[in-house]
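Below you will find one chain, with nothing else, as structure tokens; this is the form predicted on its own, and questions on how it binds or moves follow later.
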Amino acid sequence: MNFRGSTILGAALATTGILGATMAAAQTEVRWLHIEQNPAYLSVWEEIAESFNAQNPDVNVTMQFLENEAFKARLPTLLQSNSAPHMFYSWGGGVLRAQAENGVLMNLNEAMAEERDGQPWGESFNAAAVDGLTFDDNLWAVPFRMGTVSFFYNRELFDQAGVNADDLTDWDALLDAVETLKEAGITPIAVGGGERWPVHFYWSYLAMRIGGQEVVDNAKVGEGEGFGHEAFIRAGEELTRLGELDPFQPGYLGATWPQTLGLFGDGGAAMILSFENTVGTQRNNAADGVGLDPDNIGRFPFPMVEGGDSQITDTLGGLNGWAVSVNAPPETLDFLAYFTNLENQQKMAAAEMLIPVTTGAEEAVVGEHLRGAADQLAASTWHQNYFDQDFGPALGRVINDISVELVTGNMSPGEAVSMLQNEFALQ
């Protein structure tokens, strides 16, 4: 394989391409900016990109990497520069909408109407995935994957402490399990507080479980009581309750997400609230590169909260796509069509990378936990995109910040709601 690896964007933007013996000067470069760190997943992407380049000698797809937080911080500047990526990872939601409104994205309606493989390109995707990346009847990203956040647990540590995962269907039972695990000398939960967004999963799910869809949807548009609804106050109270139990690993406020996955994979914590591909990511971040045996990992949905207006089948998770910058060459769309075709989505599903969005590719999903996530999404009664993405970049940062402040006890639930209301008023 001639691929020389994804580059890291440091002080200056650098690229490493998938090159043959010589790169012709006439080649069109397609700059692909991603945040993926898993070597196994990158290997699949590299194979796909190399295959496309071989079939299209006048095109050279180059992969560029930025760590998650650096990506969020630097992308707005990059999109205004002469070295803007042609395609880049998107979580959808308010961040994608803001980028579209700023005029830095290509409207994909016309591209989706073009026939590829015997049908309009847009019809090859799960309709819900297309709808989730569409604003005001315009599509702004090519669908790529769907996912859901749930609890993963170490079966051996649960057995050691005498905790039964089947009992953790309500919030109070989960808090009881935290205390039981601590009494057994086991760290209950691993969390990446240094990146802040992993903590927002807790506040978001609590707000969903307590308030339900109508309350959350109203907050997005400032209708009803907005963030002043009692559900958001109570979500803060319950997150504070969790924090008072000291449930996380020592030093969690400085922990990155890869470190957190590694801790879980090393058996250093009993639970992690994480993505659908956790079995693979914990393995690759574990100290020995092996991690927990998949048979030793269990999975359960975020529990219900007594008195809440929600269902256990309501899910929080991602709808991810690849946004295309406004001045990207047309070859970018050719590569994206190839990247998301049935064969390649099946290849990624079989590698346990994702829950695919290309119709028919879901049949290739393997692994108990990834299949469980796929089934959970299929039965979802309400799928909510990540709050820090769906509510837009500015409000999303506040949501991440107040989540950490609540769990550490440095902010009251009332103060958190006031911050959210004030930020919303500025939009």
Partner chain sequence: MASVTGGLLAKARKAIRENARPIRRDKVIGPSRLPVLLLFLPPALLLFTVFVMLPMGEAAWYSLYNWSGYGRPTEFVGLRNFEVLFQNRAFHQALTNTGLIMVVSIVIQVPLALWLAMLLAERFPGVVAFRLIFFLPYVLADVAAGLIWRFVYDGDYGLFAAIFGFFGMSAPYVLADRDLAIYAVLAVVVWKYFGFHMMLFIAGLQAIDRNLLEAADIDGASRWQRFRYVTLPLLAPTLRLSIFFAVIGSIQLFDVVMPLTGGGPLNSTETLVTFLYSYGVMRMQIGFGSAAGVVLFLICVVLAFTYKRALMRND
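Rigid core: the largest C-alpha set superposing within 1.5 Å between the two forms. Everything numeric here is computed off the predicted structure, so don't read it as measured data. Positions refer to the first chain, counted from 1.
From this point on, the text means the form predicted together with its partner chain, which you will not see here.
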Check your understanding: Taking the partner as it appears in the predicted complex, which of 311-319, 184-192, 93-101, 111-119 has residues with heavy atoms within 4.5 Å of its partner chain?
Key -> 93-101
Review point. Among A73, D266 and V404, does every residue place a heavy atom within 4.5 Å of its partner chain in the predicted complex?
Key: yes
Review point. Does the 4.5 Å heavy atom contact test between L253 and its partner chain in the predicted complex come out positive?
Key: yes
Review point. Heavy atom to heavy atom, is T408 within 4.5 Å of its partner chain in the predicted complex?
Key: yes
Practice item. Answer yes if any heavy atom of N327 is within 4.5 Å of a heavy atom of its partner chain in the predicted complex; otherwise answer no. Key: no
Review point. Within a 4.5 Å heavy atom cut-off, is P393 in contact with its partner chain in the predicted complex?
Key: yes
Practice item. May I ask you to choose, among R397, H383, H369, H34, the residue with a heavy atom within 4.5 Å of its partner chain in the predicted complex? Key: R397
**Study point:** Contact residue in the predicted complex, chosen from T180, T134, Q259, N218 - any heavy atom within 4.5 Å of its partner chain
**Key:** Q259
**Study point:** Threshold 2 Å Cα movement between the shown form and the other one at N68, rigid core reference
**Key:** yes
